[in-house]
Every structure is written in C-alpha cells, then in structure tokens.
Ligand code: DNO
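Have a look below at one chain only, the form predicted on its own, in structure tokens format.
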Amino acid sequence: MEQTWRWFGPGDAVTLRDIAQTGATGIVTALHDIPYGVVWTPEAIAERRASIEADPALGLRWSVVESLPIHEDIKRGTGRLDALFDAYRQSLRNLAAGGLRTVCYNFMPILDWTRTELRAPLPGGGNALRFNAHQIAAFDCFMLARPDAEAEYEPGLLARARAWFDASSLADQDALLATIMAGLPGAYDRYDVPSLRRMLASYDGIDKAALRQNLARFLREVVPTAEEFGIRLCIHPDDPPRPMFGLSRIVSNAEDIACVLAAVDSRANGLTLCTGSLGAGAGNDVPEIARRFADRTWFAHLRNVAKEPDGSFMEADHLGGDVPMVPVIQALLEAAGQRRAAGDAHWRIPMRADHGHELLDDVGKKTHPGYPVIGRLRGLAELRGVMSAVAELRNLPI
C-alpha cells in the first residue's frame, strides 16, 4: 500500500518537509479555498501539484484528492443541478489532466465528521477526539430544540443530556457548537444555532430512500466521466455511522455500501474504507467489510475507536480499540496483490494513518483537529509495521 499523509495546503501548520520525515510519499489534499460547486481549474490544480513537488529531494507526490466536495443542492436534489453536475464533471476532467486518479468524496448532509470533544485527556498525557452521546442529545434536543428530537433518544441518555444542559454555561454550549462545527473541512463557513436550524430545515422530507436516490443520480451523472478519464471515485463512510440531528445517513454499514456500489456498477464507483468511521457502528464487522469490498476499495483511512454501550466512543490508538487492524490490512494487501497480478498499473491502495492523538510537542500547536504530527506519525509507524509483517508472512507485495 502507498503510505500517504493528509495535508491541508500551504496554510497547514504541518509542512511538506515535516511530512517527508514521516516516511509517507503520497500527499492527500484538496483545494479547500474553492467553494462547493465551483470548477477546479487546471491552473489551480497545477499550482497545488507544483507546490507539493517543488523540492524533488522530498520525494512527495499528490496521490489522492480528498475531497472533491458535493454541493448540498445535489444531496437535496434541488436547484440548478445540471450546472452543478457539469462543474463536477469538468473538475474531474481537469484533475485527470493534472495526473490525479483517486478522488475521495462523501455524501453526508451538511456536516462531515462530528465530535463533542477535541481534546479529551488521555492517561499519562495527550489528548484524543471523543464523541459523547449525551452531549449530542443535549445539543439536538435543548440547543437546536429540534421538533420531536427527544423521542429519538433512550430515556436514560436523555436524562443525562438534560443534566448536562442544565449544568452548562453559555460558554460550555458555545464550545460544544464550535466542536461540532470543527468537523467541517478547510475554510468553509461554520453555522451558529439559527443558521444550522435553517440548514436542517432544508432537508425536511428527505429520508434515507430519497437521499439514496439523490446519490444514485449523482453517480449516474459523474461516473461515466470518471470511467472515461481513468478516475476512481471512492465514497467515504458516514462519521459517525448513524443519523444526526434528523439527517439521514446512507453509507453507514455493509448494506449501505453494497447499495452505493450497485447504484452504478463500475470500477470507477468505489469505496474509501475508513476503519474508524465504520468501527464506530456497533453492528459493523470491519474486517468482514474490508474483505467483502476489497475489490472496490481504492483508498483506506486506518484508525481505531473504543466504543461504549450508550453510543459514545473515543478515538483509540491505531492498533488499539475495537477494530482488529491486522485482518483489515491483510484484506487490503491481498486485493492489491490481485490487482498487480492482473496487470493494474495502479495496484497499490493509498492508505493514511487517519486522525491521531495529540502527543508530546503536538499539544498546543494549531493543527487541524485530529491531525497532529506526532500522533499520526506514531500511527503510521505502527501500521507500517503491520503491513510489513503481513506482507512477509503471506508473501504479498507491499
């Protein structure tokens, strides 16, 4: 597998020289300054690629686009969709012309990954991302005051949510809102409570079936272009894999993934296997999902979570937590080996050590939440060791 590293562009506190020292060779990035629905121009793509490859001694290349985002109107199935589909197709053409072949995206309405703590303390020091189910319920029921939201939560959890809300200050509530908004990528606008209510209202009546239909339409519109230009689209699972604030989720488990891949049965329509996102789902057997969909997995995010009975979870060490990482890596290496044997020039699956704990000198640095240097470096080193061991024992290419 190709070892990659997420980089948020020239403004990232983590530099390309830092990344080169981790041993990663592939850069995973996006043009975060371009609004959703606007074409990525050849000039902007070339400028980003040139910045990555400016120093050949670093040995870095732009390997994966994460993400080419989808406008909310496409997810809702409203507005000037033809123009948005045209823009997305043109961006794909321009990326292909710039040498990019792997494009990650997600279909989560409004919010990307959601947490309630960005710096939950770890034993012995350091910090982790954390999702507290009672705080999500408090935000949903008592800050957003979403109609009928309380009926969606188990009574014991709702009681804890009420207790947290009643004891919270305005500063506590503002901090929770800011944490939830931190999951939005790049430099896009954040929402306050009234604007988030308005955004949520724009999805009224869009249930799981309707959202699936809108995704299928998107795929029918763009996959032929991806096929034509040799691009592999790979959808990212929901994070966390459950409905949020009344919004449906449609990439949360094996059934959902199968539905997405069947919507347009093409190798250009594939999966980003995120072990952390899927691992947060109580019913998900992540190694089995990895085996089942290995032939359509074009990108991998490897991280781990430790789940709790009420739906809360903490981001764990990359080889700790609830997801058995060894069989996942074996499934990916076997798939890559089969592609190599079949003559696929792009047989290696790009992987990155996803998220990471704030450790040592990371603490206090202005890195993106979940993306410190040392925690990810530790995770990459551990995963690299597993990959090397599995490849040696199974006689697989790495």
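Counting begins at 1, following the sequence as shown. Fair warning: this is a prediction, and the values are worked out from it, not measured in the lab.
Heads up, the form predicted together with this ligand isn't pictured, but that's what we're talking about next.
- For the residues Asp310, Asp112, Asp172, Glu227, the 4.5 Å heavy atom test against this ligand in the predicted bound form is passed only by Asp112.
- Scanning Gln330, Ser51, Ser67, Thr367 against this ligand in the predicted bound form with a 4.5 Å heavy atom cut-off leaves one residue, Ser67.
- Taking the partner from the other structure, this ligand in the predicted bound form has no heavy atom within 4.5 Å of any heavy atom of Glu358.
- In the predicted bound form, this ligand sits within 4.5 Å of a heavy atom of Tyr371.
- Not displayed here, this ligand is kept clear of Phe142 by more than 4.5 Å at the level of heavy atoms in the predicted bound form.
- In the predicted bound form, no heavy atom of Tyr203 sits within 4.5 Å of this ligand.
- Stretch 98 to 106 is the contacting one of 142 to 150, 250 to 258, 98 to 106, 278 to 286, since its residues have non-hydrogen atoms within 4.5 Å of this ligand in the predicted bound form.
- Taking this ligand as positioned in the predicted bound form, the only residue of 286 to 311 that brings a heavy atom within 4.5 Å of it is His301.
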